[in-house]
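As a starting point, one isolated chain is supplied in structure tokens, in the form predicted alone.
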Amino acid sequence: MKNILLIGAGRSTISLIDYLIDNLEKEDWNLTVADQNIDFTKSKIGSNSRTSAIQFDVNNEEQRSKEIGNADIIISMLPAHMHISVAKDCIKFKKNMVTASYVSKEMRALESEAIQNGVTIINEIGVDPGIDHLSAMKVIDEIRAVGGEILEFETFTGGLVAPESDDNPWNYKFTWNPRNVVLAGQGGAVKFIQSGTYKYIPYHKLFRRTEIIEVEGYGKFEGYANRDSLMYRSVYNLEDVKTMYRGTLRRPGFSRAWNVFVQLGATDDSYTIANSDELTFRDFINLFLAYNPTDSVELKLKHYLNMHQDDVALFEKLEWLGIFETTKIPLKNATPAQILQYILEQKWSLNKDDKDMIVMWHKFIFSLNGEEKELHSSMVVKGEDSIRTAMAKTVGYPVAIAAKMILNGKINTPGVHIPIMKEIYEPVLKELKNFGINFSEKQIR
């Protein structure tokens, strides 16, 4: 019998928990789900003799050590910055670990200790990062296998609202942690290489540098660059590639409107506003605008951003959010980013029966037999409702499958890894098809 410890039971874990519970008897597993909210956790696991829920504080060293020591594998679905203490305990107690988060510098620094202790830590096995690695490496390896050479690679992913639930002018609703959406792009200059030229985009310009991408059957999207694409040249063994570009997808018009908040400074999370609970939404916007006793907040905003008379669609997006209303902000000593998040949550939250949608798109340009060729690969997954979302499916199922593979000895190489090896991506992609997660490939030229 194997014991699984899942730490964190947030909105992206429902499919992960369902998968584990469905396999408890067959695989002879026990599952413990640990979270700060015990009642919420109990509601997710239901009544099963092989499951248990515990109230858990990851910062409680004694509790953390005890629970990790009693498990055979740890799945950490905590916020990214909380993984390190868990990983260190996993190494200490020689327990394997799976997480969907990016490999941080701190996690990478644990590589030698993990190897010395025979511990396997799989990271970046969610959707993005995760399924993007699995699907990209499959195509890259197939091209190489027939003698092709990758010249350019672009990949974009978006967590969006499905067309049948798209009922607002932003064409967007939260399907992921809202805080991550508000703070997107703030980790320093975005880096990539395009047609052999290095590109660096500072945060204040990020949402005005977009590409239009069309996904067959789903129309047009816009993509903006995401994090440091350059590091993936070595990860994918594409050191000489002319283009390496990773990005995020939104519907056209979103980025220009979001740029309004960036230019205002409303996404800043570095300081607090002392009297934030005394402000209204309108007051909040006015904080960032010049003093003028006669002009309205709307007019000052238009002047500040040099909006033209024909920027009707842009201004309608802002008005629809209610940012000019006199609704009180119930947050004390909040940062601008926290206040903006609160405002957005009033309008961008999924309704009960809403469906979300994950869209992933890859472009490969490669040379084969002296000819330059282009291949597109795309995935579109829709959720069932606001609980069983496409985001939960595409994050949760790869994590669960990877955990099963480790428990069954099919992944057993110690160290800190991401899923770019054939022995990982091939079986994971194969099983994901059972859940409607698959790719369409199209040769363009």
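By rigid core we mean the largest C-alpha set that fits within 1.5 Å across both forms. All residue numbers are counted from 1 along the displayed sequence. Being a predicted model, the structure only gives us computed values, none of them experimental.
The same protein also has a form predicted in complex with a further copy of the same chain, omitted here; what follows describes it.
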Among Asn333, Gln346, Thr326, Thr197, just one has a heavy atom within 4.5 Å of a further copy of the same chain in the predicted complex, namely Thr197
Give me the residue from Asn117, Asn237, Gln263, Asn171 that has a heavy atom within 4.5 Å of a further copy of the same chain in the predicted complex. Gln263
Proximity of Ile273 to a further copy of the same chain in the predicted complex, heavy atoms at 4.5 Å: yes
Does at least one non-hydrogen atom of Phe288 fall within 4.5 angstroms of a further copy of the same chain in the predicted complex? yes
How about Pro202 - does it come within 4.5 Å of a further copy of the same chain in the predicted complex, if we only consider non-hydrogen atoms? yes
Looking at the partner-bound form in the predicted complex, is Lys363 within 4.5 Å of a further copy of the same chain by any heavy atom? no
Heavy atoms within 4.5 Å of a further copy of the same chain in the predicted complex: which stretch in 365-373, 124-132, 304-312, 93-101 meets that? 304-312
Are Ala189, Arg209 and Asp268 jointly within 4.5 Å of a further copy of the same chain in the predicted complex, each by at least one heavy atom? yes
Neighbours of a further copy of the same chain in the predicted complex among 1-18 [non-hydrogen atom within 4.5 angstroms]: none
Would you say Asp295 moves its Cα by 2 Å or more between this form and the one not shown, aligning on the core? yes
Would you say Thr272 moves its Cα by 2 Å or more between this form and the one not shown, aligning on the core? yes
Is Ser135 one of the residues whose C-alpha moves 2 Å or more between this form and the one not shown after the core fit? no
